[in-house]
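Just one chain follows, in the form predicted alone, and it is written as structure tokens.
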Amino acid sequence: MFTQFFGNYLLNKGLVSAENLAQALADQKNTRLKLGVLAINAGFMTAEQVDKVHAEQQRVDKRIGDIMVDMGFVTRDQIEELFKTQPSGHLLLGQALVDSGVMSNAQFEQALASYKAENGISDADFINIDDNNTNKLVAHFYKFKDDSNVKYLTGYLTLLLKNLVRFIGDDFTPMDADYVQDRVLSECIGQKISGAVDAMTVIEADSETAVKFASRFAKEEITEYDDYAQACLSEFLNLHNGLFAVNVSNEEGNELSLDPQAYYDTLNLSELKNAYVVPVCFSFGTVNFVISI
């Protein structure tokens, strides 16, 4: 989850554009982590040292790891440790941005260090998803207007992001929540939740993005935004809401019920109370999730 919010952080700091970020997310799957980025992330080398190694590599016929050792920046044991590093998503994103020239090694180094410091994130947090830390991160990024429902909003979005990783893929960046009252959604799927929490939840995307989202969820290729594609989006929403209801029941002992999902040609958010739109930018397009409590 910390990986996904790293993209949000880069965007909000003006270090990348939305187009750059979307392209980098798409490029991640074909990106190979380089020792320089790994060494920066591990704290073994600075960006300046990595740039010096790359410059030296243009002059001598040696492997980059050997050059790092020869220049006295790392030890052989540290090189071996880097080779064993798992390719975490935030590193692949950073490598894709560096490879494309959007960011320099120095900018990546500074951005990663600032992101970790500002959010109290350790290296282990990028690998091990801890519910408490994730909830704090979600609450930090999303500023909700209605304090009385913050715990439900935070819990809903935290679970949503986890379910997106689980069922759709991790190549996305959650954008800032937008508190809206006069927006009209089109061709969307909605489902009401009632009980201890009364809420309306919605998923919306343009037809091309919706088809790709549905294809990932169904694990098969879908080519048209037809009834089947809509049913896939509807089932994802129902699955997520069902898991949210289970969490509320387990944590509070309060039961929630779900209405059947419904398709809306148009849905005016002015009819809902305290509606938040949370855009999630995937490499294939943006999906909007709405929760109104």
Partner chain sequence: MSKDLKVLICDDSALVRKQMNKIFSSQGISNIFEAVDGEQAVIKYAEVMPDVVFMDIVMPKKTGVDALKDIMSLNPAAKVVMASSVGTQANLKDAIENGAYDFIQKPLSEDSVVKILEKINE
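No experiment lies behind these values; they were computed from the predicted model shown. Numbering follows the first chain given and starts at 1.
Beyond the structure shown, there is the form predicted together with its partner chain, which is absent from this document and is the topic of what follows.
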Which of 48-56, 35-43, 246-254, 65-73 lines the interface with its partner chain in the model of the complex (heavy atom within 4.5 Å): 246-254
Which listed residue (V180, V150, A218, A196) meets the criterion of a heavy atom within 4.5 Å of its partner chain in the model of the complex? A218
My question is simply whether N238 lines the interface with its partner chain in the model of the complex - judged by any non-hydrogen atom within 4.5 Å. yes
Can you check whether R166 is within 4.5 Å of its partner chain in the model of the complex, heavy atom basis? yes
In the model of the complex, does C232 have a heavy atom within 4.5 Å of its partner chain? yes
Indicate whether its partner chain has at least one heavy atom within 4.5 Å of a heavy atom of Y263 in the model of the complex. no
